[in-house]
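Given as structure tokens, the chain that follows is alone and in the form predicted alone.
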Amino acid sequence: MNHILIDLCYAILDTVWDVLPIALIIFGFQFIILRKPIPNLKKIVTGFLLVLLGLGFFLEGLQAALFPLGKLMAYQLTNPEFIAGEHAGRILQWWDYHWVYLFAFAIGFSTTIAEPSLLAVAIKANQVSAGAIHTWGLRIAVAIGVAIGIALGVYRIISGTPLYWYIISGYVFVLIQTMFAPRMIIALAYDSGGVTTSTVTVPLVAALGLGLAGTVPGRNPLLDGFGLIAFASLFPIMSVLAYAQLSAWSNRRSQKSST
């Protein structure tokens, strides 16, 4: 128990050190450049303290639970005895890891739905668009994109294929989608790829990738363990653009049928 409390204190101190430059810039511009008092100063300071405590608890929880759990799940799901079963001893092929793909899809979807930064962007997009962009619709579209991307990234690790094949092909597909997507969704779709790589998604996905690369035969954690975050950033752009294109197509179809 004492060990956990000490680690928690260190995590909070590290968080204070990381957030301090942001606070100095904000308060410095407010008092030195703008030369105006901050409204609701007590409420803002309280919010900063809650952010520091929340991030400290979250980071310590990652180190104590989520990182080890992600590596443990990767090890267990890639255990040859679990995969091959009664046929243990044979050479495993990429299709034998179906449970790993399912786990990667599920963990990608669930972590994205729980991502605080995505929720903030979805709420703002709903407000700015006057309800045209639905909060849950955007969150689910992004989550599906992340889930597909991480599952495909897991396949890349297991198969050992080069990362650049997927990234180059993916961005070519995104450019083609961009030419046909509604203008109002393009910037939001590109931002959606960035907000997914935040506090919840990155630690779990990184732990999964490193765990897989460390347990799949012939893979190097340094060379193959990283790269899943790139998939988690790229595929939400595709899914949000596709969501907008399908919505636009459905609206045009409904208008034609009504006339």
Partner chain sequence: MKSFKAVGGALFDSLRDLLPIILVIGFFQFAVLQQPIPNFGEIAVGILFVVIGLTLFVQGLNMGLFPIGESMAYAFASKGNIFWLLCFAFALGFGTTIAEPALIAVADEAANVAANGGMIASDERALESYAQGLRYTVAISVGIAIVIGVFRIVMGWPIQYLIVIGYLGVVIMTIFAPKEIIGIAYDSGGVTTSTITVPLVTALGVGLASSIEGRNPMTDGFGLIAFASLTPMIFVMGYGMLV
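Residue numbers count along the first chain shown, from 1. Just so it is clear, the model here is predicted, and its values are computed rather than measured.
We do not show the form predicted together with its partner chain, though everything after this point is about it.
(request) Find out whether any non-hydrogen atom of K256 is located within 4.5 angstroms of its partner chain in the model of the complex, and reply yes or no. (result) K256 lies outside the contact set for its partner chain.
(request) Examine S117 and determine whether its closest non-hydrogen atom to its partner chain in the model of the complex is within 4.5 angstroms. (result) Taking the distances in the model of the complex, the answer for S117 is yes, it comes within 4.5 Å of its partner chain.
(request) Give a yes or no for A207: in the model of the complex, does one of its heavy atoms lie within 4.5 Å of a heavy atom belonging to its partner chain? (result) Outside the cut-off, so no.
(message) Please determine whether R252 contacts its partner chain in the model of the complex, using a 4.5 Å cut-off between heavy atoms.
(response) Because no heavy atom of R252 falls inside 4.5 Å of its partner chain in the model of the complex, the answer is no.
(request) Establish, in the model of the complex, whether Q93, I140 and I150 all lie within 4.5 Å of its partner chain, using non-hydrogen atoms for the distance. (result) No: no residue has a heavy atom within 4.5 Å of the partner.
(request) Note that its partner chain is not shown here; using its position in the model of the complex, name the residues of 23-62 with a heavy atom within 4.5 Å of it, in sequence order. (result) Heavy-atom contacts to its partner chain in the model of the complex: I25, I26, F29, Q30, I33, L34, K36, I38, P39, K43, I44, T46, G47, F48, L50, V51, L53, G54, L55, F57, F58, E60, G61, L62.
(request) Since the C-alpha distance between P221 and F58 changes by 3 Å or more in the model of the complex, give its direction relative to the shown form: closer or farther. (result) Compared with the shown chain, P221-F58 is farther in the model of the complex.
(message) A 3 angstroms or greater change in CA distance between I123 and V51 is reported in the model of the complex. Closer or farther than in this form?
(response) Pair moves closer in the model of the complex.
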